[in-house]
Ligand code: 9MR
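Before any questions on how it binds or moves, here is one chain, the form predicted alone, in structure tokens.
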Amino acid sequence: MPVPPKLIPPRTTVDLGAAVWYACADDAYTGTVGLACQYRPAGPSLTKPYRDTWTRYFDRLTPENELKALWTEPKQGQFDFSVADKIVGLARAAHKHVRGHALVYAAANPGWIDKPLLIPWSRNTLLAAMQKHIRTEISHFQSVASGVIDEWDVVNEPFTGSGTRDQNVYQRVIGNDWIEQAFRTAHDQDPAAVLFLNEFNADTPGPRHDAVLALARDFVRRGVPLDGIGLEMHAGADGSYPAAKEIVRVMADFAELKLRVEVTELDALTPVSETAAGAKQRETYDAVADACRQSPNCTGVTVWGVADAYSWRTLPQHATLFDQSALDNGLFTAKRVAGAPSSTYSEVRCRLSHPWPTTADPGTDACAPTPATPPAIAVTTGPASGNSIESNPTPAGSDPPTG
């Protein structure tokens, strides 16, 4: 029977989350990618300030990689949740929720999905494999961490920049209904979970946004179990930065369908003409948080990374809210633009946690408008035209991603 979107809860505050790379958050992690997160030369590990900064400053956790199929089903039918359990356990110990990211993401497929060794896929065999993966992953966390993962990115980045379907293995073999089948399977396994479609560069008007909106309208009309749209919001990748009014307009499109939206992968590249704590970056973070404040269907904002050195954008691009260059009481330092009354983090938190407008003195809990900044030269970097595969390091013993 048709499944209506879950009711959007009333809100007084909006959760602020961060994506966490588990290798950076566990001193004992010895996987190959963990080496990138160890302090060099010899000295104390930086994993504790990384972990403690997330625990202190953020409400939710999104695993950057560890719930994707490349990690959780590296060989067909052989599931490995050892690292995933640790990162979910980190959130559980802190009494915080997890966004399940992501059940089906073609760019992070293990090799056995994209290149079957013996018998080519048929529609039925690939559909069964996809459904088994979804059911097994959701079921696992229902049993070992009930209630910790309360929302899932069921499908991640299924469209191209031109608004057409990405011609991945699911599209080619299963056909146009593969996204619907994924959502129906996830809902059947956990009817209480909030289910999202997550997409890159759909946060401002354009072909990819139009394609996501058309799919959402179709799903809502037919009662396919879709509850929300994840807007990734990697700002500056193509040299442009979003304005609050554009984001509000996009969020309103989904509000008409009674769908929630979440900003799921927010980062803002600092233009080359600015320092690490640039005014343009501050303005961008403020615009996104302000758009969410104005949009009653916006239920969360997640920054894609805790601190610059461990962001997929890399240190020179200074894309996150926290600076790794100095530690304050064992925590990474929140960025502050010269002359600003508070850090960029504080301004984002204020937008998401306080009613507008406020009347308190600046510097306490007032959310003063961010001053406009002149145009700046952006650091142009990927993925301006495709997916965020750069944020998917290959786990030891697995085939590299091919999407």
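One rule holds for the numbers: they count along the sequence shown, beginning at 1. Please read these numbers as outputs of a predicted model, since none were measured by experiment.
Only in words, not in the display: the form predicted in complex with the ligand, which the text now covers.
Review point. In terms of non-hydrogen atoms within 4.5 angstroms, which of the given stretches 290-298, 139-147, 100-108, 87-95 touches the ligand in the predicted complex?
Key: Stretch with heavy atoms near the partner: 100-108.
Check your understanding: Should R351 be classed as touching the ligand in the predicted complex when contacts are defined as heavy atoms within 4.5 Å?
Key -> No, R351 stays farther than 4.5 Å from the ligand in the predicted complex.
Review point. Does W312 reach the ligand in the predicted complex if we count a contact as any heavy atom within 4.5 Å?
Key: Because a heavy atom of W312 falls inside 4.5 Å of the ligand in the predicted complex, the answer is yes.
Practice item. May I ask you to state whether E262 is within 4.5 Å of the ligand in the predicted complex, using heavy atom distances? Key: Taking the distances in the predicted complex, the answer for E262 is no, it never comes within 4.5 Å of the ligand.
Point to revise | Contact label in the predicted complex: D203 to the ligand, heavy atom within 4.5 Å | key: Residue-level check for D203: no, no contact with the ligand.
Check your understanding: Are K6, T185 and D188 jointly within 4.5 Å of the ligand in the predicted complex, each by at least one heavy atom?
Key -> Verified in the predicted complex; spot residues all out of contact, no.
Point to revise | Y170, F159, F254, W304 - the one with a heavy atom within 4.5 Å of the ligand in the predicted complex | key: By the 4.5 Å heavy-atom cutoff, the listed residue in contact is W304.
Review point. What is the one choice in K280, H133, R208, H234 with a heavy atom within 4.5 Å of the ligand in the predicted complex?
Key: Among K280, H133, R208, H234, a heavy atom within 4.5 Å of the ligand in the predicted complex occurs only for H234.
Check your understanding: What residues of 61-80, in sequence order, lie within 4.5 Å of the ligand in the predicted complex by heavy atom?
Key -> Contacting residues: E64, N65, K68.
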